[in-house]
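Just the one chain here, laid out as structure tokens, in the form predicted alone.
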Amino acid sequence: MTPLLREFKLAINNFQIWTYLSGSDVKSRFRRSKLGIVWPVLHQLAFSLGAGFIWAAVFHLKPDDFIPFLTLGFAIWAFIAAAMTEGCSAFVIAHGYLKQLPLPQSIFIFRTVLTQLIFLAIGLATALGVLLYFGKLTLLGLVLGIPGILILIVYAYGAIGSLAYLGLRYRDLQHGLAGIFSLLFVVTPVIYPAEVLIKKGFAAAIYANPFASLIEVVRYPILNGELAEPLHYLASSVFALAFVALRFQLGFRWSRFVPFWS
């Protein structure tokens, strides 16, 4: 049995465990909060609407076009960044289970993936609500956005699986990645339309940046009702699969050390 098939079998056999743990993570994040999961929605709307009107004026764009663009990009970017930063702590926060119970390590990778997918769903639902308000939501756009979302899920599994081992081995990595992603947020077209960066001579921020491709394969189809450039699908797919390969390589080399490092 190949490692990938074995991984799927583990996911199915232990479905109740990692889904329960993920649900507990989401609940604990908002425990004793009166608004609960409404807070991420409010944060996203406050940023997108507040910054959207200002930056639309700066970039000489129509707010009706720019605010949906910004809201959707921000939701996808939050998921991309969290997959790596939160992935670093996937095994760290599970140290009690790893030391005491003979559970497959994949359970805690699936747990973190599902938790981040829940927050992605909240972000995308908020963004789609904004698109609907501005009249930018179409059924064709939603259908064409599905391949990009599937690539995002593969990326999240590979990134979280890889960073779970790397973050456990190198405890400073999570702090370093938080700073790196602050910089990447500036140079990745989350808030800047791609054509603006290209006109300014920063085409490399689009075509040499795999994170830009991960955003474009979801955002462009939903906003425009047509597929993104083939290069973005190729770059994002290769990037995601590279992380999946790294996850299995690190698991093969380091899995026996995880209980001792945690």
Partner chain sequence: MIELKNVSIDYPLDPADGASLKSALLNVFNRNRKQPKSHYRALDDVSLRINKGERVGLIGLNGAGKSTILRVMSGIFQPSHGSVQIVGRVSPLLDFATGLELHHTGLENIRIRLMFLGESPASIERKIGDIAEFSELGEFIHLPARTYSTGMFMRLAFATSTAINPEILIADEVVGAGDAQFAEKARQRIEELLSGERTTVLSSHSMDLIRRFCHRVVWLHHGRIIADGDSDAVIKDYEARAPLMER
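Remember, predicted model here, so these are calculated numbers, not experimental data. Numbering follows the first chain given and starts at 1.
Although it is not shown, the form predicted together with the partner chain is what the next lines describe.
Not one of Lys62, Thr138 and Ile206 comes within 4.5 Å of the partner chain in the predicted complex, counting any heavy atom.
Think of it this way: in the predicted complex, the partner chain has a heavy atom of just one of Leu250, Ala242, Leu10, Ile17 within 4.5 Å, and the residue is Ile17. Figure note: of the listed segments 127 to 135, 146 to 154, 92 to 100, 68 to 76, the one touching the partner chain in the predicted complex, with heavy atoms no more than 4.5 Å away, is 92 to 100. The closest non-hydrogen atom of Arg31 lies within 4.5 Å of the partner chain in the predicted complex. Not displayed here, the partner chain is kept clear of Leu114 by more than 4.5 Å at the level of heavy atoms in the predicted complex.
Not displayed here, the partner chain is kept clear of Val187 by more than 4.5 Å at the level of heavy atoms in the predicted complex. Although the partner is absent here, Leu173 is a contact residue: one of its heavy atoms lies within 4.5 angstroms of the partner chain in the predicted complex. Residues are counted as partner-facing when one of their heavy atoms sits within 4.5 Å of the partner chain in the predicted complex; in 213 to 241 not one qualifies.
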